[in-house]
Structures are given as C-alpha cells and as structure tokens.
Ligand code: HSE
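Given next, in structure tokens, is a single chain: the form predicted alone.
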Amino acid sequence: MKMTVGVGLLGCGTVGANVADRLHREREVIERRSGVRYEVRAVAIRDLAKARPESLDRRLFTRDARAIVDDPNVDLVIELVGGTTDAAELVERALDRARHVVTANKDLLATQGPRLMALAASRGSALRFEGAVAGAIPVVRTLGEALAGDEILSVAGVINGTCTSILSAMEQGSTFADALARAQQLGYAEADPSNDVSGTDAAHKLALVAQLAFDLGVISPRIARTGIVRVTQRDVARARMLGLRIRLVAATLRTSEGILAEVAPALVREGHDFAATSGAENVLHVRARDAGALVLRGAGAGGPATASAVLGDVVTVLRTLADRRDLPARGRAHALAPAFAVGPFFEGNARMAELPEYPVWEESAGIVRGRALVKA
C-alpha cells in the first residue's frame, strides 16, 4: 500500500461525526479492506465551538468547504452537509474537478441526481449514495449492481421510520401529536418533521429507487405523495379491527406506457412485512424478471446505520483507486436516460367501504387503467 488517498469531509453533524470518528478509529481495518492508505485532509463544519468527537484533530476543522473541494490533494469528497443549496454547489464543484464523491443527501439526488450523474460520467468520477436510501440496507448496491444484469419490474416498501414510528404508536393508543413528540425524542423525527409526515422524504427515496431500478432520470417532484397528517386514531383502530394496519407505502414499477410511482398511507394486512415494521425499521420488496422476489430489511435511519452505508461506499472508492486504474463500471457514475411519463401508482387499487380514503395494498398481479402490473 504505497498510494495515499486524500479525503475531505463536508459536514460533521450526527452522521458526519460518526463517519469521521470511524475513519479515525477503524483506519487499520478500512485500509486493509480497501488496500490503500488514506488521510483525512480537512473537515468542513459550520460551528467551530460545537463539541465534536474527541478522536478528531481540531486542526482539521475549517469553515471553508470550497477550499476542501478545490484542494488538489483531496481525491475523495464525502458530502454530509445536507440540503439542496450549498450541498449542490459543493458536489457539482467536486465532480467538475474530477473528485470522487460519496454522499447521503437524498434531497439533492432526488431533485438533481440526473444532472449530477451526467456530470460525474463526463468526468469519469464516482458518485455513490448508499446512505441516501434506507440507511444501512444495501438498496443502492442491490438495484445498481447485484441486479444490474436483470430487469427490475417493481420496488415497494416502507422507507420512512418517522411515519412508521408514529403509526405504530397510534396503534397503541397515542394521539398523532404525542406519537410525533415521542418520535422526535427517540431521534426518528427532525425538529421540523414536515418532510417526513408529508411523504416528501419517502418520495425523495423513491425517486432514487426508480433511478436505480429503471435507469431513468426520475425526480421526486414528479412523484405523487400523500402524507400521514390526516390519519386519525379512529382510522388506525378501525383498520386493526379489520385485520389491517396503516403504513406509509412507497411503490414504483415500470409499464409499457411509463413509470408508476407514488407514496401514500395504505391498508396492509397484518402479518405482511410492511405491517410488521416499527420504529426506524425499513423494508423493501424488489421483484425482478429473473431473480424473482427479494426482501431487503434493516435499520433505515440513525447516525450509525447511515454512517455504515457511507463507509461502505468509501471503501468501494478506495478499492478502485488502489487498483490504479480508472474506476470500473460498478464505481463510475453513468448518465441516466430521460424519464418518460410518471403516473400515480395507487389510482387503480381497491378501496374498502369502511376506510375508503386508503388504497389496499395488493400482493398479486392486478390491472391499473388496463395495464398489466406486477406488484411486489
């Protein structure tokens, strides 16, 4: 291991601090697994006075994130700033300078991913984002690599831990407000939970899933979404009496006429994988032409889980750099084809007279507006 890769970390919040700490404490393991030495050149932070992991050398801290991106000794940029303003500029700047980028920023990639992937492809850079979808669950690797030689028909699941935590607490008698407050205390919900409870967070993740599954430039503003803010205790109790549970389900599939994608609270039978979720647990069903039905389940949120996914991407990039050749197809980004029509998924699903506002989640093949569908 003669080569040393320069790493720049943008952001040192919940996830960033976990990543930075592990890059320091687990250096020997990471270098052995990747086959290359690395050095963290700098860590961009907003507040120099805020407490950080004791393992970090404070001399690495800077408020000048652009200087890290522009540093010719930085080969790999880890973006954990979040948001779609500063992060967009920094990621674009890094890719334009042929840096490799690892990020967990679902908001950014769900709205600007196709453009950034095209830029990365033109520069021969990696743009990896396992941590942006379902935390530690290897959704990106499964869809983008393991099933790259197959045709993915549909992907569906429960991918927002805040909503699952709230709905499962309401099943135990909590009000929506109390359940939300409890989710915030547990760290499942942000201080401003609007993105979660409105279905926007799940729509962002679903856009990334659709990009990977169908190799199309699907962006989240085109995905229909309904949140859980209108779900009442009465609805939850009535569903339980019918042997059902209400869960926020995100689903997408390809048809001959376009992509169907939607996020909405749906009625799921008890005993189903989606109904069995609680807390921050996520679960996805993937259906592929040849591989058949696959189930992915695990911790979908939280600093350690997301950091695990980020570090997995870091090791992948380090391995390819250790080979001293251009990144292979599995590491290098590629441009997505333009997305054709994106329609609502649940429009043709059955409804129950007792709870007509919620679609019923169907396991078997069905027909929506005359299209033969396979629902995971």
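A quick note: this is a predicted structure, and the numbers were derived from the prediction, not measured. In case it trips you up, residue 1 is the first one in the sequence shown, and so on.
There is also a form predicted in complex with the ligand; it is not shown, and the following applies to it.
Colleague: Choose from 82-90, 211-219, 235-243, 156-164 the stretch whose residues reach within 4.5 Å of the ligand in the model of the complex, heavy atoms counted.
Modeller: Of the options, only 156-164 has residues within 4.5 Å of the partner.
Colleague: To verify the annotation, which of these, R128, K205, R99, R247, has a non-hydrogen atom within 4.5 Å of the ligand in the model of the complex?
Modeller: Filtering the options by heavy-atom distance leaves K205.
Colleague: Name the single residue among E145, E190, D178, E270 that comes within 4.5 Å of the ligand in the model of the complex, judging by heavy atoms.
Modeller: Answer to the contact question: E190.
Colleague: Does the ligand, in the model of the complex, lie within 4.5 angstroms of each residue among R225, E262 and P359, using heavy atoms as the measure?
Modeller: Per the other structure, none of R225, E262 and P359 touch the ligand.
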